[in-house]
Structures are given as structure tokens and as C-alpha cells.
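First, one chain by itself: the form predicted alone, in C-alpha cells.
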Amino acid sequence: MTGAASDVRLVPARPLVIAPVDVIFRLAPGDRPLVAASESVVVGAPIAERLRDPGLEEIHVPTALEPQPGGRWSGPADGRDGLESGELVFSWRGRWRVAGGALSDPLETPFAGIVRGVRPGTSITIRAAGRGLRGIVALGGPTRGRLQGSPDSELRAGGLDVNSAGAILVVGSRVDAETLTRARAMGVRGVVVTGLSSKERRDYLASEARQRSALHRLPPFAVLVLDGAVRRPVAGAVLALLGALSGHEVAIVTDPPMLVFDIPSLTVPTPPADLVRVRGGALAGREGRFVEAIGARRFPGGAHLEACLVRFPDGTTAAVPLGDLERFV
């Protein structure tokens, strides 16, 4: 191994594709799991019932029933809300608190897999049958659709059409809350974007909260943010992977934030070993080839940091702190 090839290992490595993928579906007290550990699930299978407006009722449960937290209860209630069924949450002074409600929505898995664990009132963990591309954050709920779009373009509300219904769109470096709201209303299942500012996140989450309170709800919709809040181009390695996935069915999940795909025949493009990406500083978002480590250098602000020399596609070179770089493996 040459000195330069050895030095590139000083740059923090980021996995391009992750496998296996364990996805957590969060549950609230009163939600009813419909699966058990070690069960196999297929795409679209209902795994839980989520209560819309859960209530907490105080009841008396005979000790002969051996009540346990997380257990299901049904029967006449002696409280003012009159819950007919629900989940036992905890006991207090000889009585039990039961979480329940009248209306519920099904929670469906957007991928096939094996149930790894079920904790009533907490979560369901499923190991996906495929692989995943990790993001920074995902907003909304688990969803599924065919991947389409151009990562080099910027999507505006006026650029949406009905042909995108049922799809997960790759929209490039940024998108605004108005476009996200319109996309969801037109039947788009999700959006993959490089960066989403804090303001756009707040506006979208407010719109999502209003949608959840509506009587007639729209299909699941999610936003996967790949890098964070700063606008920057899609990494070359990620761009190649998204191109290979274009036209295929994929899923977006929120915990962990990830794009999940189950295509055994897909060959994931391998990025060059010396390809690095600047993730912070004035050159954030640019990619180049690692030349060599050059030791400590003085940078603006008087900081002395370990650095390396990077050659960019236009032929220029720059000294970049190692901590500002990343590479995909």
C-alpha cells in the first residue's frame, strides 16, 4: 500500500449502504400490536393499530386476572370516559390506568422482514429484508413508492404533476414547505432532499400536525434529509446509488432515518478509494481526490489542525482539515 493510499484512511469513513437494517416503529400507550416476535411480515402488512385520540381511564381490575403493564383489557369501565377496551399502563393505589380510544388507524410496514421484538406501548422492531441508505433525519411516517426524479434539479410547487402520485421524489439540494404540502396532497409518497432548513422543517411539521387531526387522512408521506440544514449538492456516491435505484420500489423509514430497498440483484456502485467530500467549512459540498496528508496547518481563526491536500475536478488543490472531510465505503 502506498503512502497516499494509507493516509486516506485518516479521513472518517461513512458507510454508503447499511445492512442489516433494524427499523423501529414507535408505539404510544393504547396502540395495539398485531404481530409477535419472530413473525415474518410482507410489504403493506398491518403491524399495529394506532389510536387517534387516546384517553387515560382509571378502573378497578380484579387481581384474579393477573394484570400486567402492557396487557390488554376489555370490559365495563367505572370511570367517566367509559372505555370499553385498552392497554393496561400502570397501577396506582389498587386501581389501574388504562389507555384506550374509539378511533384507530392501521400502521403498515413499508418493507418485508422479520419481527425482532415487540414492546407494547413502546415499539415494534423489524429487521428489513433489504439494505438501506442512511440520512440525517426523516419527517412524517413510514412510506413506500417508486423512486424517481433528478437530484440535480430543484423542485418547486408548480413543477409537480399527477404523474408523480405514488412516487418518492429525489429533489436535489433543497425544497420548501409549500412544495412538500402540495406533494402530499397530490399523492406523492415521499421526498428525498439533501438539506432542509429549520424553518422549513417547522412549517412542514405544523402542516403534518393539521393533517393528522383531519377526519379523512391522506396516504403516508415522509421527507428524508440526507445531509442536514445546509444547502449542498448530493454526494457523488449517493447520486450514483440513487440513479441505480431509479424506477424501483423503495421505502422511507424514520427510526433510523433511512431509504430502504430490497433489490438483491442491484450492484451498488463502489466509489473510488481516494474520493473525499468536504462536509464542513467554506468548501462544504465539494468533492475531490485525496493527495496526501500534510500535517498540522494554520486555518482562519488561528486554529492549528491536522490537514491533507485535496485536488478538485477543476485542477485546483486546497489544504482541508481532516475533520471537515468524509469518504464513502
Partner chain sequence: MTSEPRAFLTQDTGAATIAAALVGRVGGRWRLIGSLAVPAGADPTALAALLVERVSAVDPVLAAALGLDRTPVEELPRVEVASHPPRRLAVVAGSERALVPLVAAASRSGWRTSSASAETADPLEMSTLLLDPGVNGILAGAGDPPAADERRALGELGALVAAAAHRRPEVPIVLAGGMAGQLHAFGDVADRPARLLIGSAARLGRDGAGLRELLTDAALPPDDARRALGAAAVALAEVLDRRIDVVEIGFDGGTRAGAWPGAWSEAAAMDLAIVPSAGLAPADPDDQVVDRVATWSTSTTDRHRLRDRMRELRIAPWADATGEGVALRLAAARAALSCLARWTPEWADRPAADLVVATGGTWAVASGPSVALALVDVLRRAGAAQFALDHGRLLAPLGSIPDAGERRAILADLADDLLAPLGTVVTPGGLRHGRSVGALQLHGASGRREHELRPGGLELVELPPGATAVAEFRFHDTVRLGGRGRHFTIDVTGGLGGLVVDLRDVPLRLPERADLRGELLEAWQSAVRTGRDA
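Take the two forms, find the largest set of C-alpha atoms that superpose within 1.5 Å, and that set is the rigid core. Numbering follows the first chain given and starts at 1. These numbers were taken from a predicted model, which means no experiment stands behind them.
The same protein also has a form predicted together with its partner chain, omitted here; what follows describes it.
Undergrad: Exactly one of 136, 165, 185, 206 has a non-hydrogen atom within 4.5 Å of its partner chain in the predicted bound form; which residue is it?
TA: None of the other options qualify; the answer is 136.
Undergrad: Is its partner chain in the predicted bound form near all of 106, 113 and 315, within 4.5 Å of a heavy atom of each?
TA: Looking in the predicted bound form, the three residues 106, 113 and 315 all stay beyond 4.5 Å of its partner chain (heavy atoms).
Undergrad: So, residue 271 and its partner chain: in the predicted bound form, are they within 4.5 Å at any heavy atom pair?
TA: Judged by the heavy-atom cut-off of 4.5 Å, residue 271 is well away from its partner chain in the predicted bound form.
Undergrad: Would residue 36 show up as a contact with its partner chain in the predicted bound form if we use heavy atoms at 4.5 Å?
TA: Output for residue 36 is no: heavy atoms all beyond 4.5 Å of its partner chain.
Undergrad: Quick one: is residue 197 in contact with its partner chain in the predicted bound form, heavy atoms, 4.5 Å cut-off?
TA: Yes, residue 197 sits close enough to its partner chain in the predicted bound form that at least one of its heavy atoms falls within 4.5 Å.
Undergrad: Though only this chain appears here, would residue 264 touch its partner chain in the predicted bound form if you measure heavy atom gaps against 4.5 Å?
TA: Residue 264: no, not in contact with its partner chain in the predicted bound form.
Undergrad: Which is the contacting stretch out of 121-129, 238-246, 140-148, 165-173, given heavy atoms within 4.5 Å of its partner chain in the predicted bound form?
TA: Only one stretch qualifies here: 121-129.
Undergrad: Could you run down 272-295 and flag each residue that has a heavy atom within 4.5 Å of its partner chain in the predicted bound form?
TA: The stretch 272-295, when checked against its partner chain in the predicted bound form, contributes 279, 280, 281, 293, 294, 295 at the 4.5 Å heavy-atom cut-off.
Undergrad: Cα of residue 95 displaced 2 Å or more between this form and the one not shown, core superposed?
TA: Moves: yes, 2 Å or greater.
Undergrad: Align on the rigid core first; then say whether the Cα of residue 262 has moved by at least 2 Å between this form and the one not shown.
TA: Superposed on the core, residue 262 moves its C-alpha less than 2 Å between this form and the one not shown.
Undergrad: Please say whether, between this form and the one not shown, the C-alpha of residue 58 moves by 2 Å or more once the core is aligned.
TA: Yes, the C-alpha position differs by at least 2 Å between this form and the one not shown.
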